[in-house]
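One chain comes next, on its own, written out as structure tokens in the form predicted alone.
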Amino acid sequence: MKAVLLIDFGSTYTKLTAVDLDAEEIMAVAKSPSTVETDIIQGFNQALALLEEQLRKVPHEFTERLACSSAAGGLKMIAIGLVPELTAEAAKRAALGAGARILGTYSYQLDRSEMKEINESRPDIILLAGGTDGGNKDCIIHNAGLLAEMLPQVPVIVGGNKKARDEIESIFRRKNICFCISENVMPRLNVIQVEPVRETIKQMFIERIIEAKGIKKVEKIIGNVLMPTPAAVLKAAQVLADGTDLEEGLGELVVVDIGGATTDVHSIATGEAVQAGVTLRGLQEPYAKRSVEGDLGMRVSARSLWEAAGSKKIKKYLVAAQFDIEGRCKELSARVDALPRSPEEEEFDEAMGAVAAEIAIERHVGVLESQYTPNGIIYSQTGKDLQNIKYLIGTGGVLVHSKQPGMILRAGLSREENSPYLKPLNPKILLDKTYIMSAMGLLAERYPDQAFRILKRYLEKV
């Protein structure tokens, strides 16, 4: 037996998944509260003891241990560009796709008050973009100089106008700034190139950031920390959609991850217009796209979910339970470890999950707009058209523990005729019941064929 241990150092729980590569099956899963504030290895050891108890009658020895992490706040980044709707937005998308938590997005020439604001947000990495190749370089050079002067302690990834690279490199070397040069996130107008920057972010995370978060010291015990946890989920989604050299993929899909603090949506799709005669507007969308809704969560963000949705939207998913909706959401945001203790509280959690899925998918997809002209109505699309994706996959605690996960996920589908939102229409719905998406993203880095087949085997139809 070739056994691999996959580890996810989460902000709340440390989760372990043991995989038999030869049989291509999950041997056991276990979790324990993360202990980042004291010693991260304590939470790992507690989870490992639970895992080994399940495997006590199974002869095994882990040949590899691979890890991802969103502990200690995850990978926190600032994105800086030239124009808000263009290079700043492209930088933000590149950072999100790398698994980052975006603390802020800035544009144009920064001033000292903005630099103070960035410093106070305590980012792990700053992504500095700006200008198409051969275009404006004054802005990105100005911002590089200000970063070198006022934030010399923060690592910087440069992904802007290639004509400015030499001067920026000279500025950073004089100040001993930790930096990496990557490809431009927008080499041409409205054309984004996120993959090179994503890889650079991942490498800096591996080499520097995990050490700053106290995780590096346990690598001798756990093996390699390969990526942030959200990047692992996106990797699993892409392997599942595209397949491998040996396996045919499932096709275009969306993954919804409903958590305590955020709801993440991952889409693996071109997002091109489905209807004939529709003109695409705005920035090109990445094929593998991640969006993060920090105001849509089951516990930490429960109050902001209520503020975003309103009581009526939550109430429409409640059948029997009677609650002061505002009061219950405020209570849950103050008691982040609270578990439902009655059928009514379970129903309320499911209603919150449905609202989170509905709003998060609505924000992730593109919008179709009509305009009347002397020659008739013309249609334009901004963002991704995801109406015809083949699969919608759900993961996250509320889905795993719900008696009706299908109801929660179907809340994100298109249900109104002539809706401007290009939401999925009729996908097949799958559930990550064993909570293995991040683990399989890790496994796919080394063993993509096995990861693909395990995902197909363990994702349950809803």
Partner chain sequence: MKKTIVLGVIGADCHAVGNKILDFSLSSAGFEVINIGVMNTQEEFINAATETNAQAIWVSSLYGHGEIDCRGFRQKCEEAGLQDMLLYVGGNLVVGKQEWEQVEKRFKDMGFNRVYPPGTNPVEAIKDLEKDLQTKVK
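Numbering follows the first chain given and starts at 1. Only a predicted model underlies this, so the values are computations on that prediction, with no experimental measurement involved.
Not on display, but discussed next: the form predicted in complex with its partner chain.
A.B. asks: Quick one: is residue 338 in contact with its partner chain in the predicted bound form, heavy atoms, 4.5 Å cut-off?
C.D. replies: Answer no; every heavy atom of residue 338 is more than 4.5 Å from its partner chain in the predicted bound form.
A.B. asks: Does residue 135 make contact with its partner chain in the predicted bound form, using a 4.5 Å heavy atom cut-off?
C.D. replies: Residue-level check for residue 135: yes, a contact with its partner chain.
A.B. asks: Using the partner position in the predicted bound form, report whether residue 292 sits within 4.5 Å of its partner chain, counting heavy atoms only.
C.D. replies: Because no heavy atom of residue 292 falls inside 4.5 Å of its partner chain in the predicted bound form, the answer is no.
A.B. asks: Would you classify residue 102 as touching its partner chain in the predicted bound form, given a 4.5 Å non-hydrogen atom cut-off?
C.D. replies: Contact with its partner chain, no.
A.B. asks: To verify the annotation, which of these, 121, 170, 322, 371, has a non-hydrogen atom within 4.5 Å of its partner chain in the predicted bound form?
C.D. replies: By the 4.5 Å criterion, the partner-contacting residue is 371.
A.B. asks: Quick check on this chain: which one of 215, 177, 300, 83 has a heavy atom within 4.5 Å of its partner chain in the predicted bound form?
C.D. replies: None of the others qualify; the residue that does is 83.
A.B. asks: Within 4.5 Å of its partner chain in the predicted bound form, counting heavy atoms only, one of 372-380, 194-202, 387-395, 257-265 shows up; tell me which.
C.D. replies: Result for this chain: 372-380.
A.B. asks: Going by heavy atoms, what in 160-190 lies within 4.5 angstroms of its partner chain in the predicted bound form?
C.D. replies: Contacts from 160-190: 186, 189.
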